[in-house]
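Heads up, the chain below is alone and in the form predicted on its own; it's given as structure tokens.
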Amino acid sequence: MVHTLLQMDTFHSENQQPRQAVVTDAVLVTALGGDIDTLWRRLMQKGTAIGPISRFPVDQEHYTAGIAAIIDDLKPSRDHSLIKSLLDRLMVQMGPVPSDATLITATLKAGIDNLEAVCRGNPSGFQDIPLSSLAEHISPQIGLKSNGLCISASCASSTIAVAQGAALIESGQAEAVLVCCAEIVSEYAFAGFSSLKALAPAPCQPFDRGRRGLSLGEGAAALLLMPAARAGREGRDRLGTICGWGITNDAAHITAPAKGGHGLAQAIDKALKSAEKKPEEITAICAHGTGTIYNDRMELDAFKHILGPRKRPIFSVKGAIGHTLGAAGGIEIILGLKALATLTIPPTIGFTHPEKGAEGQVSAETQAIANGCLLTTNSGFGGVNAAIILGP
């Protein structure tokens, strides 16, 4: 069955009750920790995985930076991409997945490292290069009936994938959805961001007024979604709820966001309406927080415009694990659920001198949060913006 993004804006009649999607299982792999508990502990300890790159040469003549958050012991196998090794490390943590689950994958460039090898005349396979290669690798491992679909929408890819999964469940088109996202630090991506002068020479500093750009990272995440009723019948854990979502495209620039943040503001507004939540019910925000000049500033403007002037805790994990591109949203949703469960958000690594609007909200220390909902946002090239509201 083919599902399209057009089905995401689902409206229910007065006699039809929406079925909220709950997250029952979640696993992740990052450069700072290979599982949720390790990553969370190291975040709380103010750790960072951003450091010198040894995977490929990064001389100053060709690149503006020489650092990233890389999983050092991640190795390719035979002619397979690093991304397959990353997916294997992820899926070994995953519990049983219902055979009727719809698979949604998310990535920007899949096994682009294989294309690099081919272009250099080195032995390598083409099978890992297409975006569909993620599903083709995952689906047989866990016994799914189809490969589903892949969403590649810049740095909002996996946020949109989770929203799509929740929409399929809410509308009754799926009884379970497995969302898998993954991204590696490839020389292809590194060179691209360097050419845009978007890479910081030192580890990134989200929401700091001295920020100079982003730091790349790699990682993967998987989330199993299903209706609350099914989760209860099957005795599954309930890690949290996908309460609502909003997706927009401001189309302001091929790479930069709209400086006023109106596209992100509209996505947040749509998410609130979808969740039937008021701004005061948002008690914390997991921001995209890349450490680039325009992204951080427009996010703060968008938050204030839609949520009002009241200060609330905001954090970004990109100073710790780097910007994981197409996997960022999935990883950050899992961390958002962990924050709601512990009523604590981690420190924003690299944050020292607040950008205007970050005062009293972003902190280099852990912050306690009140019971309520958490907003998580991601934005990307081409003006795409995505917002999801998480609840307990």
Partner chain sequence: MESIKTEITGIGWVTAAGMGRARTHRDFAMPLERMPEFRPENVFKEPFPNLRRMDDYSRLGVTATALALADAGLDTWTCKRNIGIVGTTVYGCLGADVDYYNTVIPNRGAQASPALFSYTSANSYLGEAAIRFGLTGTNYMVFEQHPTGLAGLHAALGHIARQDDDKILGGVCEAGCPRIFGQPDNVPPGAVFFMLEPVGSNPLPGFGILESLSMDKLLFNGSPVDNLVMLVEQCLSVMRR
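Quantities reported herein were computed from a predicted structural model and do not represent experimental measurements. Residue numbers count along the first chain shown, from 1.
The protein also exists as the form predicted together with its partner chain; that form is not presented, and the subsequent description refers to it.
Contact with its partner chain in the predicted bound form, defined as a heavy atom within 4.5 Å, is made by none of Leu28, Trp40 and Leu178. Only one listed stretch (104-112, 282-290, 301-309, 72-80) carries heavy atoms within 4.5 Å of its partner chain in the predicted bound form, and that stretch is 104-112. The listed set Ile142, Met94, Leu196, Ala228 contains one residue whose heavy atoms approach its partner chain in the predicted bound form to within 4.5 Å, identified as Leu196.
For the options Gly172, Gly232, Gly210, Pro123, the one in contact with its partner chain in the predicted bound form, meaning a heavy atom within 4.5 Å, is Gly172. At a distance threshold of 4.5 angstroms between non-hydrogen atoms, His353 is out of contact with its partner chain in the predicted bound form.
Although the partner is absent here, Lys270 is a contact residue: one of its heavy atoms lies within 4.5 angstroms of its partner chain in the predicted bound form.
In the predicted bound form, Gly382 approaches its partner chain with a heavy atom inside 4.5 Å.
In the predicted bound form, at least one heavy atom of Pro57 sits within 4.5 Å of a heavy atom of its partner chain. Residues of 243-267 that come within 4.5 Å of its partner chain in the predicted bound form, judged by any heavy atom, are Trp245, Ile247, Thr248, Asn249, Asp250, Ala251, Ala252, His253, Ile254, Thr255, His262, Gln266 in sequence order.
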